[in-house]
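Heads up, the chain below is alone and in the form predicted alone; it's given as structure tokens.
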Amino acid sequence: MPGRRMAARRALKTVLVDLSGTLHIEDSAVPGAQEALKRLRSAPVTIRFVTNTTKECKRDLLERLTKLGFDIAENEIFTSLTAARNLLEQRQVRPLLLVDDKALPDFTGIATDDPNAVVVGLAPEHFHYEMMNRAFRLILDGAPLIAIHKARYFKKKDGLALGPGPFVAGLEYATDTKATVVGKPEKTFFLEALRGTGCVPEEAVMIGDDCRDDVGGAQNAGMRGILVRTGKYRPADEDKINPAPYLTCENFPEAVEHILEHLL
């Protein structure tokens, strides 16, 4: 009954777009991505940019994207750092922040003295034995472990690189506890990203290069997911999730063309 199922789909109102690996890789834009974004902006949809990046604060991220020629407003970006900060404020805890120093501005005003929680993002400078052991002891003493996300790896110019996931998993294993994950692929992250759009998940589509965190997470939240073969994508990634991606495209411009031609 595929026809009837498709008929039940609501008209598309919101497009969620991943950043690193989908629009850009470090300081290089995906070819044609700026022009494709302009074309998407001409459509009657709300656009939100959703990212798990913990390498830099939102202000620096926006500056990087603007320099690459992307027309993006700060209030259109929803980051896992924002989601983590929201959770810290809700729980009223003082975190040991294992995040890149460039991400710290997004935690301004959060007390970190005498920590009673552990927050892990991508922090290559801090992932050494002494710091991991400090986090381990805090968790053993009852501190909650909060993972900004658990990505296995991400794409850099010189190849794939370990994400925070393996370090979170190590702390989980050593302390026999489970982390609270705030970023993609968590359903709450996608629902938070839609807040203020007046849109339900069935009226949204997600475009990203991570089959599990972007596409699988979005589809589990009720959206459609489009996987792009750029960034961290590896052959046969689309077979790693069930249900499979709604669509797999070569890149962001191709995904935009599909949306403009078939989903509006």
Partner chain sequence: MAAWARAVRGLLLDVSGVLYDSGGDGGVPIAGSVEAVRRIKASGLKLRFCTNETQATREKFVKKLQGMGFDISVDEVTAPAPAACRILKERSLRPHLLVHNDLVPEFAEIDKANPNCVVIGDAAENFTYANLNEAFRVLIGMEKPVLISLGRGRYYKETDGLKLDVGAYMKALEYACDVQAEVVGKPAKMFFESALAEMGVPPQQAIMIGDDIVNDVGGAQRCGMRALQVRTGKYRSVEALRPALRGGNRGKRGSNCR
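Residue numbers count along the first chain shown, from 1. Between two forms, the rigid core is defined as the largest C-alpha subset superposing within 1.5 Å. Everything numeric in this text was worked out from a predicted model, so none of it was measured.
Not on display, but discussed next: the form predicted in complex with the partner chain.
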- Indicate whether the partner chain has at least one heavy atom within 4.5 Å of a heavy atom of F154 in the model of the complex. yes
- Query: Is D113 close enough to touch the partner chain in the model of the complex, meaning at least one heavy atom pair within 4.5 Å?
  - Reply: no
- Item | the partner chain contact in the model of the complex: N86, any heavy atom under 4.5 Å | no
- Query: Should G109 be classed as touching the partner chain in the model of the complex when contacts are defined as heavy atoms within 4.5 Å?
  - Reply: no
- Item | Among 95-103, 78-86, 183-191, 132-140, the region lying within 4.5 Å of the partner chain in the model of the complex by heavy atom distance | 132-140
- In sequence order, the residues of 105-128 that place a heavy atom within 4.5 Å of the partner chain in the model of the complex are P124, F127, H128
- Item | Shift of P185 between the shown form and the other one at or above 2 Å (CA, core fit) | no
- Task: Indicate whether L98 shows a C-alpha shift of 2 Å or more between the shown form and the other one, with the rigid core used for the fit.
- Result: yes
- Query: Under a superposition restricted to the rigid core, does M132 display a Cα displacement of 2 angstroms or more between the shown form and the other one?
  - Reply: yes
- Message: Please check whether, in the model of the complex, the CA atoms of L247 and G163 lie closer or farther apart than here, given a change of 3 Å or more.
- Response: farther
